[in-house]
Every structure is written in structure tokens, then in C-alpha cells.
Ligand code: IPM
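In C-alpha cells, one chain follows: the form predicted on its own.
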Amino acid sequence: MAANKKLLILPGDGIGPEVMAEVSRVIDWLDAKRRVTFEVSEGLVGGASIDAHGTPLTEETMAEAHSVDAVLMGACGGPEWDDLPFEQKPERGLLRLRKEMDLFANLRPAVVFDALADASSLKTEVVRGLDILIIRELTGGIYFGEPRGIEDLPGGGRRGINTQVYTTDEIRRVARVAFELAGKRSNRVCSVEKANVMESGVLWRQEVQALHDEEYPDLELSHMYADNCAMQLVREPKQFDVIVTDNLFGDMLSDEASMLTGSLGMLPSASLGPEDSSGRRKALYEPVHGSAPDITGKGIANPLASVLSFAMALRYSFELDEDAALIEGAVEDVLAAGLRTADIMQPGKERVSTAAMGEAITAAMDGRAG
């Protein structure tokens, strides 16, 4: 069957290549068993690209990212590149991908699988059945606002500057994604900001409310300050369904939500751009976890977040919901069977390697496919 879906894999640094190898295993299974054929290419990003090309992302790789249907990434960074100037660090490759592909909407689901309900640091009854989606604005806000930098002050001392800035269009387009996805879930959106102390938060609240009133009046919309949201996520997380927030708060809240599930190694993410005239969105999928240099090369990294990120690619980039559900069900099956990587190990369970977990997932896919 001719390849009809183009994927660019960027394994990156640290455990990135290890977890992405298990994603490739799942892709190969789909090619062989499901007649969903992918044209897969591989490139370098982050420290691996710096070592090979002297830059965290080459022009050629950037061009290829623009041309494919989806980009799958592992992780960026590591201590060996810590001494590089800020603009040359590995993470700048990822930021460039996000910015130049205009990946403004970052989707981070926090789902607690039944088999891991008691792996969370919270009480089991608080997290069992949790299924929330955090949508983070990804290309604006304080991470990109100008002016920024570090400057010398007269008479000694220095000042660090970062600017939190948002426009109507930036706010409305990410809020629209939140409303659209909420309409396919439980019809509830909570918009999060700091309107009590930040003018950008006031604008955020006003624009989200206006969009709701104009286009989505049948959906339930609530507003919450970011500090209260952080507290509520550990107090009563199941009160939320879809949370939409800015770049900075989304970064922090989604990491907090990850620990409700038991491990960063369980959290996938999708970063989506605007729809073009054909309805296609540029997209990048990656696990929430970092490069984890302390466990690199030990074969103990958890590949589930990367595999679940690929499932998100099938759903959001290719409209292959059945195949996405197959992968997610297989993950649920291996966890129910008691298989665990080191980060989610529990008493009485079987500890397995990165590769063994990947093998178990494809075996479970075999079982579900019949």
C-alpha cells in the first residue's frame, strides 16, 4: 500500500531516542497489520543537532517539519550543553518549531488509568476516573513577549526583563480550540488567568467571555485565578473538564496535573497550528517529560507518554480515532496486566524495560485487533 501519511520523527536528546524507538515499533505494527501506511523520515533537534550541525535546528529540518503531516518529537536538552549561550541551547530548537509552525494550542490530557489510580500522590478516590484536558496557549505570552533580556543598571546591579503580552486574536483562537474540544467532551470550559493583578489577565477574561457569548453560549464557561486553579487541581481535580490558559500558567498547571496521574512518563501532548484552507493543521506531538539525562541509556525510561502522543497524532492529524483508541486501549491492557516501568513501579507489579513495555503494547494491540 502506498505511503499516504508523512511523519517526521525527531528523537532529540537523552531518553528521547529510547522512547521514540517504541513509537516506531507501534508505527511498524500499524503498517503491517492495519494498512495505515506512513512515510517516515527522521531528523535531529536539540543537542543532537548542535553536535552534528552546530545549531539546535537546521533550516533543512525546519523546512521538512513544514512539509509533513505531523512531527513526532522525543526530548531536548542535557547537562552537556548547559554552558552554551541562551540562544544556542538545545531547547531553542523546540521553541523555533513551535513558533515558526505557529503551534499556538498545546493540548495536554491528564488521564488516570484505573490500574494506576493508587500510584498518584493523592488519595485514590480523588483521582480515580480523572480525565481532564489542559489547553495551553503556546506561542505568545511571557516566553515570547518583548522587551526581554538582562541589562546592566547604572551604579551596578542588573535587571532581568520578560514581558507578558497577549492580543485579542491570540486569546480568541486558543479559546476557540478549547470550546470546540469541550463540545466533544462534557461541554465545560474553565478559563484560567490572574485578572486580579495583571492587565493581560483582564483582557484574557474579557475576550474568552466575549467569544463564549458570541459563538458558544450553550457551553458552560467558568473563570478561575491561576493560583486557585493550582490549589483546586490537588483538592478536587475532577471538577474540571477542559482548562484553557496562557503560556506561563499552562506550563505550570499541566506539570502539576501530570503528577495526578502518577508520573510525567504517562503524559502525552499535542501542539496544533491554525487550520489552512483544506482544514489541515500543522502539528507536533511529544511527551511532557524531559530528556531525563540521569536515566539515559539504562533502558528504564517509560515510553507510554510517547506512544500516547502518537495516538493523539492519529486522532488530531489523521482522524484515525479507531486506531488511536486501539493504542490507548493497549496501554490500558498492559497496565492492567501489572507491567510497570521504573517510574510507575508499584509493589506486587512486574518491572519491565523500555523495550519490553513497547513489545507488550504491540502484543496487546494484537490481542485487541483479533
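Everything numeric here is computed off the predicted structure, so don't read it as measured data. A residue's number is simply how far along the shown sequence it sits, counting from 1.
There is another form of this protein, the form predicted together with the ligand, and it is not shown here; the text below is about that form.
**Q** When the ligand is placed as it is in the model of the complex, which of 136-144, 225-233, 163-171, 198-206 ends up with heavy atoms within 4.5 Å of it?
**A** In short, 136-144.
**Q** Spell it out for me: taking the ligand in the model of the complex, does every residue among 91, 98 and 108 have a heavy atom no farther than 4.5 Å from it?
**A** Every residue of the spot touches the ligand in the model of the complex.
**Q** Please run the contact check for residue 102 against the ligand in the model of the complex: heavy atoms, 4.5 angstroms, yes or no?
**A** No - in the model of the complex, heavy atoms of residue 102 and the ligand never come within 4.5 Å of each other.
**Q** Taking the ligand as it sits in the model of the complex, is residue 220 in contact with it (heavy atom to heavy atom, 4.5 Å or less)?
**A** No, residue 220 stays farther than 4.5 Å from the ligand in the model of the complex.
**Q** Please tell me whether any heavy atom belonging to residue 256 falls inside 4.5 Å of a heavy atom of the ligand, as the geometry stands in the model of the complex.
**A** So residue 256 does not count as contacting the ligand.
**Q** Test of understanding: in the model of the complex, would residue 251 fall inside 4.5 Å of the ligand by heavy atoms?
**A** Heavy-atom contact with the ligand at 4.5 Å: present for residue 251.
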